[in-house]
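Heads up, the chain below is alone and in the form predicted on its own; it's given as structure tokens.
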Amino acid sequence: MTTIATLGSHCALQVLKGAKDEGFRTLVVTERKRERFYRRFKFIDDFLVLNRFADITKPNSISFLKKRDAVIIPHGTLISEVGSEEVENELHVPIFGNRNILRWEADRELKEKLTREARLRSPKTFSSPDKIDRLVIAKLPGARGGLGYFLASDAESYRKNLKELQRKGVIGKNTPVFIQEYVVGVPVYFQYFSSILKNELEFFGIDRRYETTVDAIGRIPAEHQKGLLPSYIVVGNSPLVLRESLLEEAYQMGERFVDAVKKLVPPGMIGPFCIEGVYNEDAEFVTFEFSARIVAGTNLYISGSPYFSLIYDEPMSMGRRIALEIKNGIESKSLGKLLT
């Protein structure tokens, strides 16, 4: 019997609860320090307890997962703690979705290439801090929820902030930094599900991220804000319902993204993904990121989002939607199309 497995972090609870609701056995891969927490939930059948998540690629871990006919559901922790290269070349266990695209998510140059192919409006990027001529946001590689991001308005402020974060140990001296124009507006995160079995794109939901300390600075009087270095570490998510007149563009962006992935990263986009960006003062959507797997914002919708309620007549989380796709793949003898 197929077992649905995922790393114990990020959105594991909704993934495993959704899998159990669809009749699958479930397994959490957890670090020892988190084991007690996941033991609380009766819908988790099995545990692979590791000292660190990166140990999932070790032979004993691979053997453990294969004996249970496990299918791994990837999320951000798999990228940040194991690494896209290790997932691509060393994690010899079936993964739901296209494991090759995880490298495109982690690599800034590849990410930009895919964004351009999808014809998504994007902010200006800067190859050198000396070329900064406007407000920018500096980002680190990987999927660590905004850790180490900072703002700068010129080369001097960039180097000052970079040096401060290096002093604190947040950024290493050789860590690559991606410099991108900061677009002022409402941050919006679109969640999608691409079903290759139905050849259909489903719009799942929308969320906003609550980030510390940038979302808290407004509570401090202006005279006390000077000298504060805002951070962008995601601590939670809040739901958003979009103006209906903007929804058609949201669908079109998702469809263009799916077409671009099919062209550049065979076998294409399988399952959940997210397009992240900002609505500016002209209500134009500017894309600054994508996530090529389930995102934590879908944790808002364990009982279903307003948009998925337009498609399904029963509670449907993104975790359950993934399990349903795997179930349909098994029943139609098409499971191989969903796994890499």
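Sequential numbering from 1, following the sequence displayed. Please read these numbers as outputs of a predicted model, since none were measured by experiment.
There is another form of the same protein, the form predicted in complex with a small molecule; it is not shown, and what comes next is about it.
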Using a 4.5 Å heavy atom cut-off, which of 257-265, 178-186, 157-165, 77-85 contacts the small molecule in the predicted bound form?
178-186
Does any part of Glu276 reach within 4.5 Å of the small molecule in the predicted bound form? Heavy atoms only, please.
yes
Taking any heavy atom pair closer than or equal to 4.5 Å as contact, tell me whether Lys139 reaches the small molecule in the predicted bound form.
yes
Can you work out whether Arg103 and the small molecule are in contact in the predicted bound form, taking contact to mean some heavy atom pair no more than 4.5 Å apart?
no
If you check in the predicted bound form, is Asp69 within 4.5 Å of the small molecule, heavy atoms only?
no
Quick one: Pro123, Glu211 and Tyr232 and the small molecule in the predicted bound form, is every residue within 4.5 Å by at least one heavy atom?
yes
From Asp46, Glu289, Glu284, Glu35: within 4.5 Å of the small molecule in the predicted bound form by heavy atoms is Glu289
